[in-house]
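Encoded as structure tokens, the following chain is the form predicted alone, with no partner shown.
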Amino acid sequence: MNSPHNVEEEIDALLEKIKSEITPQLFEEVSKKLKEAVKKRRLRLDQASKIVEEVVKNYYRSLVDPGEAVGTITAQSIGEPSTQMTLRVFHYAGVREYNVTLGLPRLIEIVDARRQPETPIMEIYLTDDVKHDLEKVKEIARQIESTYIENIAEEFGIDYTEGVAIVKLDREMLIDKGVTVEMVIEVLKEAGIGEVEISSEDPYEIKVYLSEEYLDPVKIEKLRAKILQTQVKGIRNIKKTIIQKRGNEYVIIAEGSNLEEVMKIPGVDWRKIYTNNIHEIERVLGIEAARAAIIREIKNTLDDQGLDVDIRHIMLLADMMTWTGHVRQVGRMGIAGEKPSVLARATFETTVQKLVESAITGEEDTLPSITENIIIGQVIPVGTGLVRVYMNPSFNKKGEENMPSGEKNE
């Protein structure tokens, strides 16, 4: 019976043979799992040898051949399953407090590179000293959630005879949101609507003596909106926060997105924070982070629908959307509209416009891609179409150089 030491050596020898044939990441994973399995006696050496052979075979089978039409295959791989997706907006699984766009609407949002997602959501993870303490988590959630006067107002009215707007605050909501009457007075003063004071009759009633510009009855709705939409505390664009328990830690889910400001809050783990707003990720964290977010969002959207798409196809789409250094849509204002070929751009949506623009500027089309070669009936530069055969007429069939008679070497 082989000793554990000998087994370890034989496994190492077996793996050394394939080290140069596969990627370092794959080699590391195979090595770790094989050694674990053999160590726990779940696998014999002869079985390990067969597994290593299969790994190499599958690796070579997964490689892309030169000239493979990866773009076309990616389009089919993502396009076909996405036509099977339902055209509905779903509740997030198990949570009824907020909605998030899923399915085809979300996929369209991503590939169209919309500036704002329909339902922006943030996952806010917390530092080790906070994430297990519910009270501390609640405090951070209150700090993040935007509180407007309309959230804490019980009544709102305007007395035009005296030119006064009266805001009556809800005591329970003030306590729940962690807001004081003084904070409300301060923000109303900063709004510049008029002089602000607490009513002598009720400590929770605030009077705003309106300036001349707001005494016009036509502007009543504008005034009402300005007072009720005045932000008292919290982070702009974060409408609501929900605390979820995941395993043994608490995570804050925020409805709305403001990555830059949330990252500054003490107690928030800025390394793990996540938002589904891709443009915001690009602005704050850079284009590589935006690329990773596109891959994650598309993958999650397809997985939610039970659709299996090769991750490499999603990665190729993300690469095309981000390789210029900015997130671009898959459309005439982005990838399709910025192709180097005139004919390829003209085939998309605005045919006449593209042809006229190119004619005016005297643009030249070198026919570098598939679409334009199909249009003019040439062999497309894919697969065997990539190969170019050249003939040198100075050589004969035997491979000998043709020379004038009398000069040929014997």
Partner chain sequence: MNGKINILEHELVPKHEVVPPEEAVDLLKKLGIEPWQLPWMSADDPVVKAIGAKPGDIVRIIRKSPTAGVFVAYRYVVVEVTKKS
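Remember, it's a predicted structure, so these values are computed and weren't measured experimentally. Just so we're on the same page, rigid core means the largest C-alpha set that superposes within 1.5 Å between forms. Positions refer to the first chain, counted from 1.
Below: the form predicted in complex with its partner chain, not depicted.
I78: touches its partner chain in the predicted complex, heavy atom cutoff 4.5 angstroms: I78 lies outside the contact set for its partner chain.
R236: touches its partner chain in the predicted complex, heavy atom cutoff 4.5 angstroms: Taking the distances in the predicted complex, the answer for R236 is no, it never comes within 4.5 Å of its partner chain.
Contact flag, N151 vs its partner chain in the predicted complex, heavy atom cut 4.5 Å: No - in the predicted complex, heavy atoms of N151 and its partner chain never come within 4.5 Å of each other.
Proximity of T301 to its partner chain in the predicted complex, heavy atoms at 4.5 Å: T301: no contact with its partner chain in the predicted complex.
Per-stretch contact check against its partner chain in the predicted complex, the hit in 311-319, 102-110, 170-178, 151-159 (non-hydrogen atom, 4.5 angstroms): So the stretch in question is 311-319.
Site test, H279, V284 and E288 vs its partner chain in the predicted complex, non-hydrogen atom cutoff 4.5 Å: Answer is yes for this spot.
Of G325, P340, G331, P203, the one that lies within 4.5 Å of its partner chain in the predicted complex (heavy atoms): By the 4.5 Å criterion, the partner-contacting residue is G325.
One residue of I253, V268, M183, M85 in contact with its partner chain, assessed in the predicted complex (non-hydrogen atom, 4.5 angstroms): Contact check passes for V268.
Stretch 250-264: residues contacting its partner chain in the predicted complex, 4.5 Å heavy atom cut-off: The stretch 250-264, when checked against its partner chain in the predicted complex, contributes M263, K264 at the 4.5 Å heavy-atom cut-off.
Exceeds or equals 2 Å, Cα of E68 between this form and the one not shown, core fit: Moves: no, less than 2 Å.
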